[in-house]
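Heads up, what comes next is one protein chain in two forms, each shown on its own as structure tokens, labelled structure 1 and structure 2.
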Structure 1
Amino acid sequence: MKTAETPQSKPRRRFLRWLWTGLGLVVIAETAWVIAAFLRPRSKAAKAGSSLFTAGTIDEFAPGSVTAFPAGKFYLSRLDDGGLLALHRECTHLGCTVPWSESEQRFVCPCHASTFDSRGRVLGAPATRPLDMLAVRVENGIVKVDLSHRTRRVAYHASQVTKP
């Protein structure tokens, strides 16, 4: 049985068709914008301004100490001979944040128990390589760490230590 269309139903259908078409175009536009934002490379200008982190004066770090810098996501290790190493805080096994244990004098990963010494060398598995490092420089007695580039290390070398 066929129902008779009222003169009012044609404009209503036209309005609903226009509404659904408009909503469909909005969804397509938003999806395209999200994809474009995801694929667009990040500008280097945003990173450049905050890449150099001032840790403090050289006298603030006693030989044999490790100081955490949560804002920079690194530890500054002052070796017994006075050299400096900036070690990234992520475990090289699966990326967990490794805290420094002052009582054990080592970094201990809470996720899988990898351990590292104050130079970032692996003391206990499952990590297979040392902690990544950041470049350190001392200018007029001020220690500065470059956060813009992490160096992936395969092994520890004495040449990686910055001498004040």
Structure 2
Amino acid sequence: MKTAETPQSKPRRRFLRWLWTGLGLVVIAETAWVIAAFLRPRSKAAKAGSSLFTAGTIDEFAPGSVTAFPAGKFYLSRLDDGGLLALHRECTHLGCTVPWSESEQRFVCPCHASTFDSRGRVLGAPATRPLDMLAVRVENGIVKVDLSHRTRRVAYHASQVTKP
């Protein structure tokens, strides 16, 4: 075999080795991509249908009341001034479901004793941020809550309240 000894074969071998390594890396990258695509969390947006939840007429919610909507996984809080807030029921500490305590007038997490007021503000640790919010709108006296998006917030602000 003369070709194996010729000086020209050296760059060719280097090229082929480089090619094989490159192709191998491409295969690894493609495989990783496929696995990542399968592991990617499926988004809710793909589901058909409206994400607008009709809570009821505005008169049903007395000022200073908190009403649970288990089907929508949220609480509708009507503040004393008549403003509306939709609070997601998941505790911001470790994801437990927080029930509203009527006697204490606050949300008390059963798992680790975090407490929140009717605006979702943290009253007691270990939770560090207020309950997530859902957008509320009032159309012709009917309260509707958008379930498609949960808003994380660092602190409570008056602008978060929907005025009817």
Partner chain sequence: MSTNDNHDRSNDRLGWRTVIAAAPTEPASERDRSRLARFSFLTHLRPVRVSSGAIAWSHTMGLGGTSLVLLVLLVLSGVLQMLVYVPVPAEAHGSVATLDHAVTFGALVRGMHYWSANLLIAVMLLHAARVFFTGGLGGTRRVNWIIGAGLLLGVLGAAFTGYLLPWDQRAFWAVTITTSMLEYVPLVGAAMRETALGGSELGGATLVLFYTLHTSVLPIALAAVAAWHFWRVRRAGGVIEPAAGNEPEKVAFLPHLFVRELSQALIMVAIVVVLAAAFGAPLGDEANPGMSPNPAKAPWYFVGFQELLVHLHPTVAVLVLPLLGLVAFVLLPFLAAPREGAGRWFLSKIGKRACVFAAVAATVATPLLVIVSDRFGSGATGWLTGGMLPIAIVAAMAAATDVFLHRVVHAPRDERRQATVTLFAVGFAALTIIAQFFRGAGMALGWPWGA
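We call the rigid core whatever largest set of C-alpha positions still superposes within 1.5 Å between the two forms. Treat the numbers as computed from the prediction; the structure is a model and nothing was measured. Just so we're on the same page, residue numbers count up from 1 along structure 1's sequence.
The second of the two structures is the form predicted together with its partner chain. Once both forms are overlaid on the rigid core, the distance between the two CA positions of residue 24 between structures 1 and 2 is 2 angstroms or more.
After superposition on the rigid core, the Cα atom of residue 125 is displaced by less than 2 Å between structures 1 and 2. The Cα position of residue 14 differs by 2 Å or more between structures 1 and 2 after fitting on the rigid core. The shift recorded for the CA atom of residue 35 between structures 1 and 2 is 6.9 Å, with superposition on the rigid core.
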